[in-house]
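Taking the form predicted on its own, here's one chain by itself in structure tokens.
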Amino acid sequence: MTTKSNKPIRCVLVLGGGIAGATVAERLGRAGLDVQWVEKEPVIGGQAAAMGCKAADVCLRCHVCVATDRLKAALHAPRVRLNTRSKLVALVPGNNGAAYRVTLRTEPNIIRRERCIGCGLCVAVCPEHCISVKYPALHGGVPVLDLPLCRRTRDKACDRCAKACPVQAIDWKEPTQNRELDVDAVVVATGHEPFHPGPMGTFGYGVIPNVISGLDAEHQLAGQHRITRLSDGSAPRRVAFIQCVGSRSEHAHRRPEDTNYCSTVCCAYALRMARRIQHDAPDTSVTVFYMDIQNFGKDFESFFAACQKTMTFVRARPVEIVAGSEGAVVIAYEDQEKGAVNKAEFDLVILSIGIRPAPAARALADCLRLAVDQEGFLGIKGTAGLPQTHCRNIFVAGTCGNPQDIAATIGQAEAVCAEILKQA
């Protein structure tokens, strides 16, 4: 268990701008604690902000709308200072009774959000198209700059955006800053990385146009409120979902223990997406290739029974996916009952990708002296409900600790808040 300090917790460092970090920052800020909220990207949102609502005739409890509300609330919470384009670079024992002294490094945002009026002129004139508006539901029309794509970061002269800005909100002289802060607790909520199916060549991702990932489908729902084929933008009439892509597989990575866990969220989002697709176009046929269906959420049995009435479930892992004619996708799979290989043709194939540890998790664990489990997630899992760090006043929340959905992430973040407030 985390060892308690004698000094009350008054200032908390929250690492991560996703739904877990937002929940912790908002709850602790409103409880009267000072919160330093750190996000490496230029805006908050994490994975949840890029997801789309899957409601059909009724709400399917994907909790995307709840995540958006939590993120908005955190942006306006009292006593919360948001540090974007920032990361933790050092942690040492604190001064004057504080548990830790931390060093934050903040890279220049270039576009000063407090001045920007969201006119969009810089977006229009950028020759590299590296200025865009991300998550307008959260941040309005204020754009962000993708620095690696900018001409100036490649030693080329360009100031079109600065000349176009009517309020001088673009500051190319903004320096990198290092700040030292004394904090009483640290919450690690740095999220996860969605599995990239490219290495699994048999699935055709990135090669066959109408093979997309579950994350691609989420982005389509968020941006255009429907799922379409990449080849021609049409609505598919024959859709296949392939489950456990990047989960429960020993072949895509070096160590079996890196891939043999269940990501827990894939069955839920796949079946909710399938229901949404059939709600938008009732004549759409849906086939789900699966190993097992993970029980998720309240009323799972009735929800799954309803899916079985309108969808085909095939208990098999496809052995090959190839391009067919006119943009079709052909899946070859083993018919276990007949002991033969069958083939089926689809208009769109969606790969239900799993949750992987974030690439920077190991370095962060070393900085904070945190344990990492055999899959690469932070903290030691026990019976207490929260990952145990065995470090004084350092807590782990969300998918950096283990795969979980939005509802579970919010619940775990609130449990961390309860632990912290016991010492406040």
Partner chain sequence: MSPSVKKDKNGVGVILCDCAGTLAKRLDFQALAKAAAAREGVAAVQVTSRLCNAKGCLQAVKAVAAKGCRRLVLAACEREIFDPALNPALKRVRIGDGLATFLNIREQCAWVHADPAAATRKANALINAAVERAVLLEPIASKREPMNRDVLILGGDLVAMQTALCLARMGHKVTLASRRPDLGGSAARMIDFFGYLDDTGLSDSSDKSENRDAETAQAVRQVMAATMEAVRHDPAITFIGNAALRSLSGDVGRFVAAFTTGEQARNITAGAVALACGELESFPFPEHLTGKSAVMNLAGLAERLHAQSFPKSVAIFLDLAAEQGRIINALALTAAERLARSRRCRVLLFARHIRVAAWGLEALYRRAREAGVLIMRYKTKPKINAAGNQVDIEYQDIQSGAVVTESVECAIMADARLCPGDGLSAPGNLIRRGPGGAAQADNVWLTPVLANRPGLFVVGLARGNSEFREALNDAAATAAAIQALLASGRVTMPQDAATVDPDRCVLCLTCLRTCPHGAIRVDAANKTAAVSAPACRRCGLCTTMCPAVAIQMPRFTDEQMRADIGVEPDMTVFACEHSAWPAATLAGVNRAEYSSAVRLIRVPCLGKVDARQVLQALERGAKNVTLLGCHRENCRYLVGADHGAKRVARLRAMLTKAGIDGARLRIGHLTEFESGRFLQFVKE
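We call the rigid core whatever largest set of C-alpha positions still superposes within 1.5 Å between the two forms. These numbers were taken from a predicted model, which means no experiment stands behind them. Positions refer to the first chain, counted from 1.
What follows is about the form predicted in complex with its partner chain, which we do not show.
Put simply, of Q336, S132, T310, Q177 only one has a heavy atom within 4.5 Å of its partner chain in the predicted complex, and it is Q336. Contact with its partner chain in the predicted complex, defined as a heavy atom within 4.5 Å, holds for exactly one of L364, C65, C391, A358, namely C65. Taking non-hydrogen atoms only, K298 approaches its partner chain to within 4.5 angstroms in the predicted complex.
Put simply, L13 is far from its partner chain in the predicted complex: not one heavy atom of it is within 4.5 Å.
With a 4.5 Å cutoff on heavy atoms, D373 counts as touching its partner chain in the predicted complex. In the predicted complex, none of the heavy atoms of P148 sits within 4.5 Å of a heavy atom of its partner chain.
Heavy atoms within 4.5 Å of its partner chain in the predicted complex belong, among the stretches 283 to 291, 235 to 243, 321 to 329, 154 to 162, to residues of 283 to 291. Although its partner chain is not shown here, in the predicted complex the stretch 38 to 55 places heavy atoms of M51, G52, C53, A55 within 4.5 Å of it, in sequence order. With the core held fixed between this form and the one not shown, A124 has its Cα displaced by at least 2 Å. Shown in the overlay between this form and the one not shown, fitted on the rigid core, is a CA shift at A169 of 2 Å or greater.
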